[in-house]
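Before any questions on how it binds or moves, here is one chain, the form predicted alone, in structure tokens.
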Amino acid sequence: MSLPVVIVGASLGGLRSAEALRRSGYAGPITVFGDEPHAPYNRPPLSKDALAGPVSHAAVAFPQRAATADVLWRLGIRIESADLEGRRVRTADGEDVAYRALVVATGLRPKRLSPRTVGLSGAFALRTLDDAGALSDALVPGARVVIAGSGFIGCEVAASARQIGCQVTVVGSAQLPMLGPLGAALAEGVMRRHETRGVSFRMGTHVADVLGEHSVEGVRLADGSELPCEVLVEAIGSVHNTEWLRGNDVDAELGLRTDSAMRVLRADGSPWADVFAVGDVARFPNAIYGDTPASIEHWNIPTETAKRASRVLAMQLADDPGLPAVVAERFAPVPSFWSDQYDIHLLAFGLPAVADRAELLAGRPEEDCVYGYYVGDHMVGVCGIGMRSEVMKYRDEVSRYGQVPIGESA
């Protein structure tokens, strides 16, 4: 029997990679390793509806298609290390698994305020189904909740907790919540909507210390003030899960660097022919925004990168003569994200965070509205509260732009 394609990460990216390999004609063995005991599931609901009641895997699980019925799912097994030269990975219990090709889909994990909060009762980070279940149990009416971090996860949890009846304070280092991806005007509008529903904000500061020896009793902010609470949610960002690749010739400092075919790169910029990365863990060049590799943590990117990597890999394994032409194709997935907070429905395309200005395109800032985000005269993103059809009109305009390297404008 031939060696399998090994996919590390039973995530959305891992699932879509297996599906896309089959669609691309690869019929050989596929083995997927996941460190959680659960089959792939949808993560966005974990900070929204899943917090309002009992959290079940069935409610968020992705359907398994017939094409991947023969995939070997090895769940609850963590991959500890890899030998890319030797084409093998090692599990935490010491099993060596040889592969024909490797797809890295290990994604992200939440940053924590300090090592101490990991084992502190009442302190939570939110990434997995089990995280959501534990947090849901703690969010009871009247509970005092402090959320460290004012990005999308922090604000979604704030909305969910407030609807349950918790007392909620959001602490953020920026001047406005979700400032980077939304821009000042839209971010201010979203904050005002939260405030009318009873959420308090402490912006321009951060949680400097957590009070309580065995369980959370409160937090101390950088300005010296203290906020009592029984529940602390840490939503201060993410870390790429790449430690298991240490010792190999890869660039994993800010995500696993790849070329536009999603092939993992060596330090000298040459690709590993048989190693690919997809989803949040990958740092790849998007032709819309120039040649600068970047990790784009938007919900559609795991699917787009999985399709790209699997097509290239399947052709490579089949010795398809058309492979060089496919590798050279322009890869330009339009990033997209959405967020539901109360009756606020946000939808965006592109990367508003790289813009140098925003312009109101439709509606009113205090109501449903749409903003366009620009570098010079070129639209690099669009985001709206409601008005979904209006937002959709600008998707193609965002996809046409290709001259702004990510990170050069903010």
Partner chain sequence: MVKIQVDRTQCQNFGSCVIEAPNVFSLNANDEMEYTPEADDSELDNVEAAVDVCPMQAIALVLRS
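Numbering follows the first chain given and starts at 1. Note that the coordinates shown come from a computational prediction; the quantities given were computed from them, not determined experimentally.
Only in words, not in the display: the form predicted in complex with the partner chain, which the text now covers.
Interface residue remark: Glu95 is not counted as part of the site for the partner chain in the predicted bound form, having no heavy atom within 4.5 Å. Contact annotation for Asp340: at least one heavy atom lies within 4.5 Å of the partner chain in the predicted bound form. Using a 4.5 angstroms threshold between heavy atoms, His57 stays clear of the partner chain in the predicted bound form. Shown alone here, Thr303 lies within 4.5 Å of the partner chain in the predicted bound form, counting heavy atoms only. Taken together, the three residues Pro63, Phe349 and Met392 all come within 4.5 Å of the partner chain in the predicted bound form, as judged by their closest heavy atom. Annotated contact segment (heavy atom within 4.5 Å of the partner chain in the predicted bound form): 295-303, selected among 127-135, 295-303, 97-105, 172-180. Residue-level contacts in the predicted bound form: of Arg263, Arg162, Arg202, Lys307, one residue has a heavy atom within 4.5 Å of the partner chain, and it is Lys307.
For the stretch 24-52, the set of residues having any non-hydrogen atom within 4.5 angstroms of the partner chain in the predicted bound form comprises only Asn42.
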